[in-house]
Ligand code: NVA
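Only one chain is shown below, in structure tokens, and it's the form predicted on its own.
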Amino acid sequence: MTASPDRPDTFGTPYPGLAGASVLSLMEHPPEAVAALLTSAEWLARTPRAAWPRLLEAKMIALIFERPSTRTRVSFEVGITHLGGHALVLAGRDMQMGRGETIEDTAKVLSRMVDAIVLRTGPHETLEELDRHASVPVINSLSYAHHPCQALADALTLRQRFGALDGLRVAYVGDGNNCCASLMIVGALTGMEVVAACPAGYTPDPEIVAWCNATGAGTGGSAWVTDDPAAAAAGARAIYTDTWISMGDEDDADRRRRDLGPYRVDDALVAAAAADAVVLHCLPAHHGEEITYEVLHGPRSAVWDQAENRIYAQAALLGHLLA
């Protein structure tokens, strides 16, 4: 594609396989697509937002939230606005889909009106059905199974801190949930070693771990699981955690706190990692549960960069999908 004032060379040429595509997880896209997204996101992060190209001029993006959101909503709205587009924020309870309209009908109607649909939901099957019937790109902004937008921001944060991701060891500690799975996937696609330390009953989906290792055979990436947080942290350049009690887990909160208590990220666990290791958390954090206040707000924390990077990762994604 020829460079123009609206798309400077520094944003990067849109990856052909992403144009018009959906992103329900990163498993559907090759390592080259993820590399292109991270290069564009890194450029956006370095560039004053007033100077961003108007890649989404006259584009309408529906943001549907069936689950509460702070970072996802704000980061998508900010990125879309600075790329010249317009975000239409729709709460699930305010839509006909929340009052009995089928997902198929919703997909067909919105496809006539907007250029892309971003959905934050629970069951991953909801996203898959929406995508089957939509004629515009569908983006997963969180499901129980995957959180690809978060994983792109995670990889961007690590790339900013350490440069090349090849061979970088990352320890994920706690509940092997959607963020853990997506971190393993982006790790496999970018050549990272991701080690998840989880108690029995909280480990990530073994099929995803197997996929990561099969994919990592071509990239140098790998994924494995242990029940020992210190073993996972040994030599790691980053320690990552997430809340122990996600939406829907409230009735089981006491048991989850008991089971996951030994997996708290504190000063002792950080000391077991590499000397230059950073700490990551996708937020919201619960001080004293999965992470201590001192670590979250301490000098090793990259959490606030990680949160800001949602803007750049998602803006880059939309720029490539709607090129």
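On a predicted model such as this, the values are computed, not experimentally measured, just so you know. Residue numbers run from 1 along the displayed sequence.
Another form, the form predicted in complex with ligand NVA, is not on view; read the next lines as being about it.
Q. For the chain shown here without its partner, which stretch in 163-171, 212-220, 227-235, 178-186 has non-hydrogen atoms within 4.5 angstroms of ligand NVA in the model of the complex?
A. Only one stretch passes the 4.5 Å heavy-atom test: 178-186.
Q. Just one of 26, 61, 282, 44 has a heavy atom within 4.5 angstroms of ligand NVA in the model of the complex, so which one?
A. Filtering the options by heavy-atom distance leaves 282.
Q: Tell me, out of 81, 203, 111, 246, which residue has a non-hydrogen atom within 4.5 angstroms of ligand NVA in the model of the complex.
A: Spelling it out, the residue with a heavy atom inside the cut-off is 246.
Q) Would you say all of 156, 159 and 308 touch ligand NVA in the model of the complex, counting a heavy atom within 4.5 Å as a touch? A) Checked in the model of the complex: no contact with ligand NVA for any of the three.
Q) Applying a 4.5 Å heavy atom distance criterion, does residue 127 contact ligand NVA in the model of the complex? A) No, residue 127 sits far enough from ligand NVA in the model of the complex that none of its heavy atoms falls within 4.5 Å.
Q: Please run the contact check for residue 131 against ligand NVA in the model of the complex: heavy atoms, 4.5 angstroms, yes or no?
A: Looking in the model of the complex, residue contacts with ligand NVA do not include residue 131, since no heavy atom lies within 4.5 Å.
Q: May I ask you to state whether residue 242 is within 4.5 Å of ligand NVA in the model of the complex, using heavy atom distances?
A: Residue 242: contacts ligand NVA in the model of the complex.
(Q) Quick check on residue 142: any heavy atom within 4.5 Å of ligand NVA in the model of the complex? (A) Yes.
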